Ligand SMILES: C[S@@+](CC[C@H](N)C(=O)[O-])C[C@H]1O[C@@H](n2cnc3c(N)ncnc32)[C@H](O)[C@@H]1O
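Okay, here we've got a single chain as structure tokens, the form predicted on its own, with questions on binding and movement later.
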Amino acid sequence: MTDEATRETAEDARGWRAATEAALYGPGGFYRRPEGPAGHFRTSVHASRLFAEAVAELLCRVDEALDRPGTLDFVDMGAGRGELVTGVLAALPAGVAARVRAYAVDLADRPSGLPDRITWLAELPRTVSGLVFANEWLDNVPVEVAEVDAAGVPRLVLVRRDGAELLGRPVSGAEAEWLARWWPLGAEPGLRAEIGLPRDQAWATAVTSLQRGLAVAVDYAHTVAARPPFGTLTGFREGRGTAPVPDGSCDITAHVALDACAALDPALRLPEALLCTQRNALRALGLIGARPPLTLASTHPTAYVRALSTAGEAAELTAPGGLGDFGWLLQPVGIENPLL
């Protein structure tokens, strides 16, 4: 690359956090498209109604832990087109559903056809008593990317709108402290990390919005003992992985350091958070997915087909190597953990 080309690239480049924010949520951004996220990738919410039913069961357990208050809040973070909150309301027992105050939080515009009883917000309600549920929300909180240069120094990665990258300033301050604690890079050139500090802060905001209740984050995740050496930044479009290009044409995502998110300020004096797999969480909520007995096929064939379909959906939601490996982070506030 010539010196002139390098200067042009640098002038047009910015950190991945700002570039992703604009590409996903700015005017004409990916998440403002009419088809919504479901038009491009399949989450647990889209895979089966069983996921919403399991979240409804969790909300009922929170309700019981709160001694069945007059109003029970349910907050769907990163709500997309409201699929989860709508499914949860439909799955709740009538007596509980009547007391639920439902919120969908997303930076995209309110989708048409969403039930009037669901309040659509761009940010969390100020105070919540109930369940805050963030399914694949934190992975779309934009973060900076760091890469080790030829001298062994971690530097911020800058990116142009067309996806071309170059190295910027050395990582410093709170970002450097986060890397040192949660994603030590070493000195080998080319090693990369996503600096999860904004996600830690977003999660802390979600937790501290709770007066009493439970906050849950569900996401692609990794822990400090097994961070991927070259990071996880990637793009998705029409159901397929693609290069992460911040021009609004694709989703841009990266796995979440959920263990870092879980390390909230000790001054908050909260009960210990629980980290587990989706497989274990859904099983604790009663989603086993056992195949129906073959004898049912001859005695009640229609029931057998329905039960077999349900078992298949449950298997997808809990499958090792797939959705079952998603991380669940559960933080109770003022109650015991209702999953235990």
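One-based numbering along the sequence shown. Quick caveat, the model's predicted, so the values are computed rather than measured.
A second form of this protein, the form predicted together with this ligand, is not displayed here; the remarks below concern that form.
Stretch 78-86 is the contacting one of 143-151, 238-246, 78-86, 171-179, since its residues have non-hydrogen atoms within 4.5 Å of this ligand in the predicted bound form. None of A260, L166, L114, L107 but one reaches within 4.5 angstroms of this ligand in the predicted bound form through a heavy atom, and that residue is L107. Taking a 4.5 Å heavy atom cutoff to this ligand in the predicted bound form, the contact residue among L268, A98, A122, A90 is A122. Heavy atoms of R68 never reach within 4.5 Å of this ligand in the predicted bound form, leaving it off the interface. With a 4.5 Å cutoff on heavy atoms, E136 counts as touching this ligand in the predicted bound form. At least one heavy atom of T43 is located within 4.5 Å of this ligand in the predicted bound form.
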